[in-house]
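Two forms, one protein chain; structure tokens for each follow separately as structure 1 and structure 2.
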Structure 1
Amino acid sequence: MSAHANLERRRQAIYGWLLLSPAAVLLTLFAFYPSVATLWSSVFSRGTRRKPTEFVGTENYADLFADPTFWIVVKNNILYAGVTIPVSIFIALSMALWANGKIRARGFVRTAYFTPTVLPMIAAANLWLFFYTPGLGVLDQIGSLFGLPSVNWLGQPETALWAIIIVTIWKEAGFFMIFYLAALQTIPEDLKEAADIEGTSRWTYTRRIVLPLLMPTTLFIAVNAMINSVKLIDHLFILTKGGPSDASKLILYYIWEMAFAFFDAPSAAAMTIMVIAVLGIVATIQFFYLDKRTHYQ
């Protein structure tokens, strides 16, 4: 009996490892190994034909902290994330609550909200370039009807980053709405009927019942929005290229610039490691903080 039990356990262990192996191989090839290789590259100097690469420890990290452009990029990304994440989530939740209600042309409304998400990043950026072009753009054409002067939205430091933020919110809100919409449809109708019997207002029902039940979805969306906030690069290539005067330059664009424009791969690797570390810390804090307020059933 004992031998048979051991054989059964061994079979289950082998079966479990067979199920795990495809994900483990993919994670190793595309996540773990690149991360280790990037960390290794970040502690070596940039090699040239005359001067081969050598171990420098944390020198690349120290050089980044001493670089004024680095702090401009960090400030830009903090502002970008601090605005796009909460605003996108709020708009997505509002759209989902409305699109989930009993309204006319509900299918059309959902499709209209989701349409910006299915557009390719480059196509969406070119579309907004048509809006932002000074003199000829849609925004300036509307402003001219009210006697407002032409504004170079993408060409002045005061407005360039905000213009990118608006594009991101427009692009991401519909994507996040789909998750909220799916979560709303899992809430039992019995809860709404019981709230109606008790004479509960729509606002109280939403605040006391719906929002707590949506917390797992909110946590998932918040983590994804945070990751998205440091990987924007497509829009910058089309709209501003990080300018003017680094006013709209974000972290991933700066990493690309260091690696492929300045050919400084070790510095780009050092910044990548810092981004991974910060994302890991923030995600951990989000999970521990929001998990206490999350209802999974």
Structure 2
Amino acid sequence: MSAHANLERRRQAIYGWLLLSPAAVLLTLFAFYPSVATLWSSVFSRGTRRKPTEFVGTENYADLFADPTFWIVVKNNILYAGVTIPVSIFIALSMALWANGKIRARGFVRTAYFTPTVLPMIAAANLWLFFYTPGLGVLDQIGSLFGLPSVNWLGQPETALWAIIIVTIWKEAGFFMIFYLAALQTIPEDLKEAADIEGTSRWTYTRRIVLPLLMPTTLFIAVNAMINSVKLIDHLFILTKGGPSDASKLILYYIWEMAFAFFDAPSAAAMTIMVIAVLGIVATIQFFYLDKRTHYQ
């Protein structure tokens, strides 16, 4: 009997590793090895024809910290995250409350909110280009009705990043809405009835009952929005290319530019390591804080 159990255990171990191996190979090739290789190349100098690469320790990082563009990009990305995360969460929540309520044309409203989610960021950027173009764009046309002067939204440092931020919010709010919608549908009807009997105002009901019950969803969305604030940069390629004078440049775009336009792989690697560190912190927060609240099976 024990020999049989032993055999079964060995069989499971062999099968387990066999079934895992294809995924393990690809994960190693495209996640684990590249992570280590990035760390490795971030501590070596950039090789040239005359000078081979050599170990430089933290020099690439020091160079990066001394690079004013790096700080502009970091500041931009913090502003980008700081605005897009709360605003898209707020809009998503309003959308969900409306789309869940008894309003007219609910089907149309839901579809309209969700539609940007299925569009590629590149297409979204093209659509918004029509809004932002100076002189011809829709925003300027509307402005001119009120006698406002033409504004080059994408071409001036004060507004370029904001124009980018608006496109991002437009793109992701509808996506976050559906998570709120699902959560709202799990709130029992009796709570609303009880609140009505007590004569609670709608605002109090929303603030004291609905919002606390939506807290786990909000955290889940916040983590997603944080990841998006690193990831969503495609529209920069169409709208501003990070300009004017780096005013709308974000970290991932800068990494791309470093690596594929300036061919400075060590700096790109150092920056990548920092991004991974930040994402790791987010992951840890989620692991210890969120997991307790969201229910896995």
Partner chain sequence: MKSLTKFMDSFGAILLAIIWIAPLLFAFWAATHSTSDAVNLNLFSPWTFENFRVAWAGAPWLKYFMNTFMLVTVILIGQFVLTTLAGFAFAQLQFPGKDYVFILVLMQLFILPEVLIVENYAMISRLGLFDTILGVGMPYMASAFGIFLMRQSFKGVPVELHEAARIEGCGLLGILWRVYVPLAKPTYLAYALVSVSTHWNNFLWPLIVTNSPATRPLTVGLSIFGAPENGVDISIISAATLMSVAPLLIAFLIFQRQFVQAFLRAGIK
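Start at 1 and count along the sequence of structure 1; that gives the residue numbers used here. Between two forms, the rigid core is the largest collection of C-alphas that superpose within 1.5 Å. For clarity, every value in this text was computed on a predicted model and none was experimentally measured.
Enquirer: Which of these two chains, shown alone, is the form predicted alone?
Expert: Answer to the question: structure 1 is the form predicted alone, whereas structure 2 comes from elsewhere.
Enquirer: Align both forms on the core first, then report whether residue 69 has a C-alpha shift of 2 Å or more between structure 1 and structure 2.
Expert: The answer is no; the displacement is under 2 Å.
Enquirer: Spell out whether the Cα of residue 34 moves at least 2 Å between structure 1 and structure 2 when the two forms are superposed on their rigid core.
Expert: For residue 34, whose C-alpha is compared between structure 1 and structure 2 after core superposition, the shift is 2 Å or more.
Enquirer: Please state the CA displacement of residue 10 between structure 1 and structure 2 in angstrom, with both forms fitted on the core.
Expert: Displacement of the C-alpha, rigid core superposed: 8.1 Å.
Enquirer: Enter the rigid core superposed C-alpha shift of residue 279 between structure 1 and structure 2, rounded to one decimal in Å.
Expert: In the core superposition between structure 1 and structure 2, the C-alpha of residue 279 moves 2.6 Å.
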